[in-house]
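The data below hold one chain only, encoded as structure tokens and taken in the form predicted alone.
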Amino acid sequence: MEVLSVQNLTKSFDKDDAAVNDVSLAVEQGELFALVGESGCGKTTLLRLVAGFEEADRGTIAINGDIVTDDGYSLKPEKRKVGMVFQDYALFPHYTVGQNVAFGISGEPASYKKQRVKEVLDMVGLHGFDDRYSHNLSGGQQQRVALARALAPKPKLILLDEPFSDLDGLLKDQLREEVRNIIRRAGATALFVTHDMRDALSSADRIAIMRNGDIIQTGTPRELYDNPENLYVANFFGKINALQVRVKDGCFQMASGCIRDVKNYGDGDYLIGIRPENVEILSSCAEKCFKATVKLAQYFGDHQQIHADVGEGKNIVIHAHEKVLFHEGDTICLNFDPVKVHVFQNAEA
């Protein structure tokens, strides 16, 4: 069942550029769905349109089957039955934790509010924090209070705007897993915005990559990592080596060698990409290997990152896990697995 359906949604703040450009997406019940992109790509505007904080120029939004946005119609945010977790948490400093959470269920009987506040605080691991104030809480605890407030009304959809951006590295890793588990236990569906692909990879069931107001690819983390449709998507998942090659006689030809057994590509010029962890350093040079010269070797404990020249001034990055350490000036022999090579029509496509 679709908890959120967005169809042909468009929003412009000026005449020249659309912040959200004819976007369509669906979020299924129980999913954690991430909108990912660089600053200014339209992801936060899309989230605000779903929340009702912005009005669309055209398009339709349905939440749990109910139309909340249509051409010329926009249901008020408080009527949409969604929970919102803001980037800065937006906790009331003069309210206690319990009062902040209860704010999300105003209008209910006092006995119900008290019981529901206890339930959601227990759910987010803040049992007994009812009477504390936000300035006495850590960043991670404030995050959980904001999530508890959003969950209190039992919404069908939770919206989270950059939920981990204000947290440091170790706390961020911990909170990602905690927030995912809390939303799962609550039986909620979530749409969250992030510019950090690690947030999306570790938390989301599906991801939509946005660029210049458009969704350019949607899929599971594994689908997007293994089958990016273009170099832009591929680069979101970390370093990828991009090389211009020519296909001839069933092989990708480069100055230092040829990747053989290439299938389904006619003769011509292509842009290929291969990730550092998918370049193999051979213990000895074989007939079909590539020779390269080490330009820089950096030791990171669990791997060595090598920058190597593969000819014609083309450098690639390799993640080497071998016990042998390499040094500047070393000649190394490389193998490219054709199955791990991504083929793109051009740098932008």
Partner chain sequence: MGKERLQNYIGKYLSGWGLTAILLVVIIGLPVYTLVYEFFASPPDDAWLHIRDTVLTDYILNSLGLVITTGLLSLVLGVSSAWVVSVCEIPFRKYFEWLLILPLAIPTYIAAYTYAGIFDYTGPVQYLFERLFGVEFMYFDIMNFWGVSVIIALVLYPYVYVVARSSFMNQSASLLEAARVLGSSSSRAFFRIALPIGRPAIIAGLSLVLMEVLNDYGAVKYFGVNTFTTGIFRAWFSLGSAGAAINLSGLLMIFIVILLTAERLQRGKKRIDEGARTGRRIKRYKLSGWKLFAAFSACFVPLLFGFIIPVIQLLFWSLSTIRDVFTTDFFVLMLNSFGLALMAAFLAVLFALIILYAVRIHRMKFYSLLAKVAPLGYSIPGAVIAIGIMIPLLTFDKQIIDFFESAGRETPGLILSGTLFAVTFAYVVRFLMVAISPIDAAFKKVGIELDDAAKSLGANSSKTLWKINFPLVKSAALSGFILVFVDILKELPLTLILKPFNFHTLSTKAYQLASDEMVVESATPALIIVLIGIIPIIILNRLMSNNA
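Residue numbers count along the first chain shown, from 1. What you see is a predicted model; the values in this text were computed from it and never measured.
The discussion below concerns the form predicted in complex with the partner chain, not included here.
The candidate stretches are 183 to 191, 213 to 221, 200 to 208, 145 to 153, and the one lying within 4.5 Å of the partner chain in the predicted bound form by heavy atoms is 145 to 153. Proximity to the partner chain in the predicted bound form, defined as a heavy atom within 4.5 Å, holds among N235, Q115, N227, S74 only for S74. Of the candidates R48, H307, H319, K314, R48 is the one whose heavy atoms come within 4.5 Å of the partner chain in the predicted bound form; the others do not. Though the partner is left out of this view, L91 does reach within 4.5 Å of the partner chain in the predicted bound form, counting heavy atoms only. Contact annotation for Y299: none of its heavy atoms lies within 4.5 Å of the partner chain in the predicted bound form.
Although the partner is absent here, D131 lies well away from the partner chain in the predicted bound form, with no heavy atom inside 4.5 Å. In the predicted bound form, at least one heavy atom of E78 sits within 4.5 Å of a heavy atom of the partner chain. Contacts of stretch 1 to 15 with the partner chain in the predicted bound form, defined by any heavy atom lying within 4.5 Å, are made by none of its residues.
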